[in-house]
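Before any questions on binding or motion, here is one chain by itself as structure tokens, the form predicted alone.
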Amino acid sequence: MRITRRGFTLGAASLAASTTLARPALAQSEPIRVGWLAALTGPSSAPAIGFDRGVHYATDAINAAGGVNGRQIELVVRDTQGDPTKAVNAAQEMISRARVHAIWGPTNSGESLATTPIMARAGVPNVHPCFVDALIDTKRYPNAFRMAPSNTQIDNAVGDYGVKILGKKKFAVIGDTTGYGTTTVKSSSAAFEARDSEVVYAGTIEQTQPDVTSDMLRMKNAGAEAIAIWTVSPGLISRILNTRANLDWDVPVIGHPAMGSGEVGRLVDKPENWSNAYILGFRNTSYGDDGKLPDHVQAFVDKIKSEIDLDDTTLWWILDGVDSINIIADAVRETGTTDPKDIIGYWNAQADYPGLFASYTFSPDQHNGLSPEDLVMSEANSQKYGAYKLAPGYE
């Protein structure tokens, strides 16, 4: 059966043989409950749908192989719909009633800003893919670990590309009205200004706003030479790209990986509207002129491309979902327990943990797992099995 809404590879560590440890019979048989806070519906659902395929694929594969030290993984999934209030309620229910052993998510920073303090107070191990810098603070949130880039890393990568490689000096920076969008407009603007460039327009647009012509005209009239977009909404992204074409204004658009989602490709009026657009990308999910991914990622794609739909999402979302389940499973496998302190302690000791999306390094004082070297830029309309071609300027 072809997987579309769910979907893995087992990382090298997760393929290790299970060890039998002396534990009470109940602990040996009790499922490992993993909370999955997922915005599976609503305007911010594109990333969570991709993550969800990796989460389910990894879980199914581990369980089919006998589980973790003989224990099955049980996913506790809650659709937050991208609503911080729903995310808070779901997190509280997972902690107090479902009694999960670890939580993956939420998948957008607006929700995570609301739920991270709750999970920290409960001491629940949490891994997430959200970008906002403030979500990682080893003093306030010693239980929270980021398995994606931070806003600072992203702003530096996009800022360097716009200024140093594209050679632009005047930028429009726009986001949606979520907590993520408003926060990132500020940080992205600061990154461009730090590179001796001018932000001639900065603002936010509601994700469901049907017509963005007036916003685009203000950017154009301000003299913007490039536009930086910060939203996960394919609908809003496609309306911006279509309006850019309608205004006959072929400035480059750079920014969020969601701009490369297959959903955007279906929503643009013409294929050419998707050109001259460059997204934040990652080394492990980018291919060069030879069309090849890094060997271990290419092997994964070749293995699962007939089982998981890769064409309407981005590969990094799927791979990050796989890595999240693996790093939780490996913590339990190696420590022999679901005690939160032991899981967190295992994560704190990881150096170059062998994931598919990236190699993650954590310590008690550093919970940002990715190296800046993992970040590149990619051509938004070059998707092949969820991966993208390196943008001009990279080798």
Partner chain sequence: MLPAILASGLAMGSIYAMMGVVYNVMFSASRVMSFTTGQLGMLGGVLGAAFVGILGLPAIVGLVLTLACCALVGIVTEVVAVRPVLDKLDQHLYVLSTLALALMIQQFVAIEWSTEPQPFPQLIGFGGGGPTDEKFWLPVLACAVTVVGLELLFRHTLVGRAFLAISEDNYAARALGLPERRLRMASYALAGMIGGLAGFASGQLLLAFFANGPYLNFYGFVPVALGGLGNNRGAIISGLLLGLVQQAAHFTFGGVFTSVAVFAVFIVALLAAPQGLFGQPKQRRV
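In this text, all values refer to a predicted model and were calculated from it rather than measured experimentally. Rigid core: the largest C-alpha set superposing within 1.5 Å between the two forms. Residue numbers count along the first chain shown, from 1.
The form predicted together with the partner chain is left out here; the points below concern that form.
Among Asp160, Glu198, Glu307, Glu206, the residue placing a heavy atom within 4.5 Å of the partner chain in the predicted bound form is Glu206. The partner is absent here; in the predicted bound form, the one residue of Asp312, Asp79, Asp133, Asp215 having a heavy atom within 4.5 Å of the partner chain is Asp215. The partner chain in the predicted bound form is approached by Arg239, whose closest heavy atom lies within 4.5 angstroms of it.
Not displayed here, the partner chain is approached by Glu263 to within 4.5 Å at the level of heavy atoms in the predicted bound form. Taking non-hydrogen atoms only, Ser275 never approaches the partner chain to within 4.5 angstroms in the predicted bound form.
Heavy atoms of Gly288 never reach within 4.5 Å of the partner chain in the predicted bound form, leaving it off the interface.
Contact annotation: the partner chain lies within 4.5 Å of heavy atoms from the stretch 207-215 in the predicted bound form, the single such stretch among 97-105, 207-215, 113-121, 84-92. Although the partner chain is omitted here, in the predicted bound form none of Val55, Gln72 and Gln350 has a heavy atom within 4.5 Å of it. Contacts between 264-283 and the partner chain, taken as any heavy atom within 4.5 Å in the predicted bound form, involve Arg266, Leu267, Asp269. For Asp211, the Cα coordinates differ by 2 angstroms or more between this form and the one not shown after the core has been superposed.
After superposition on the rigid core, displacement of the C-alpha of Asp269 between this form and the one not shown amounts to 2 Å or more. A movement of the C-alpha atom of Thr138 falling short of 2 angstroms is seen between this form and the one not shown when the two forms are aligned on their rigid core.
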